[in-house]
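First comes one chain, alone, set out as structure tokens in the form predicted alone.
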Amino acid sequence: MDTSLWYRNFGELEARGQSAIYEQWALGVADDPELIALIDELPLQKRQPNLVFACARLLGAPEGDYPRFRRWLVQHWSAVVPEAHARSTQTNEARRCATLLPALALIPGPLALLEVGASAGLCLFPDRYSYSYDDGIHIDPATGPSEVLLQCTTAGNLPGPVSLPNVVWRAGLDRRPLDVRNAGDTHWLETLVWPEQHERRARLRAAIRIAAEDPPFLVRADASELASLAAEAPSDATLVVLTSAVLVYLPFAERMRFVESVRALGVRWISLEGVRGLPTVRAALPDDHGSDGRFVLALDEVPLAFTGPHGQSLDWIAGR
């Protein structure tokens, strides 16, 4: 992908309305040949705006206007490069559970959840959060309201009833899993939250507290180890593989091998990926909607809804 276009699309389609700082930075970089040349020295998967910006902020980049950020980035680029090589955008947004929940409700329980690209595993706790959908649906755990309330706007005919799943086993794969009990890991998770998103940061901290009470079983491995971990799931539960904004980081051939491995397991698969993440899902969409930065929720490669990338919206399309 052309790096300049990548940053422009990020600024106009993802950051706009979500972070004025990231929008300004991304559009500034897009029109800055000198910085594009520096970023192009990174491997393709390390050029991502989220990653470059988060690494810079981790190292102390000022959260202000683009000229000030640019001066800092040029001066400190030699320090940003190794951070970008060592890290990845493990944005563990618990609010994505608000868009996963209607798909989970379609699967008979009890459920065993296995997330690929789990980061710290915060999306493995859909049964521990409270939910509020703008059509009047409010759901709390059986133990009472959670300190994590996931709010989501909806459109289309959301199927009902939407209820919390009975999760009896939860595990995840990640090339670099993050530990919710490790201060350095949680600081990185907080840095991945965009600058002005204070509510999102507070939600992250609350989700981390919930996960720290019963940390998920996370394995340091890549997607090729899916079958090995799946074999550990209890046989009396329905195994559900979850992927959330992870397939874009796999080269296409590796991505297709992963798809075949999920199919071979014969499990249920909930994916929440960009429009171009899965060819079968994209081909089944009523229209592409690929230009507005939304994700697609799919169950077993059948598209169900368009969603906001961070779980903020759910536009149900199944049955239309």
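Every value quoted in this text rests on a predicted model; they were computed, and no experiment measured them. Residue numbers here begin at 1 and follow the sequence given.
Beyond the structure shown, there is the form predicted together with a small molecule, which is absent from this document and is the topic of what follows.
Stretch 166 to 174 is the answer when you ask which of 67 to 75, 166 to 174, 102 to 110, 125 to 133 has residues with heavy atoms within 4.5 Å of the small molecule in the model of the complex. Taking 186, 154, 146, 90 one by one, only a single residue has any non-hydrogen atom within 4.5 Å of the small molecule in the model of the complex, and it is 90. This chain is drawn without the small molecule; in the model of the complex, the residue among 229, 79, 162, 221 with a heavy atom within 4.5 Å of it is 221. In the model of the complex, the small molecule stays beyond 4.5 Å of every heavy atom belonging to residue 241. The small molecule in the model of the complex comes within 4.5 Å of no heavy atom belonging to residue 98. Residue contact with the small molecule in the model of the complex: residue 216 places no heavy atom within 4.5 Å of it. Not displayed here, the small molecule is approached by residue 245 to within 4.5 Å at the level of heavy atoms in the model of the complex.
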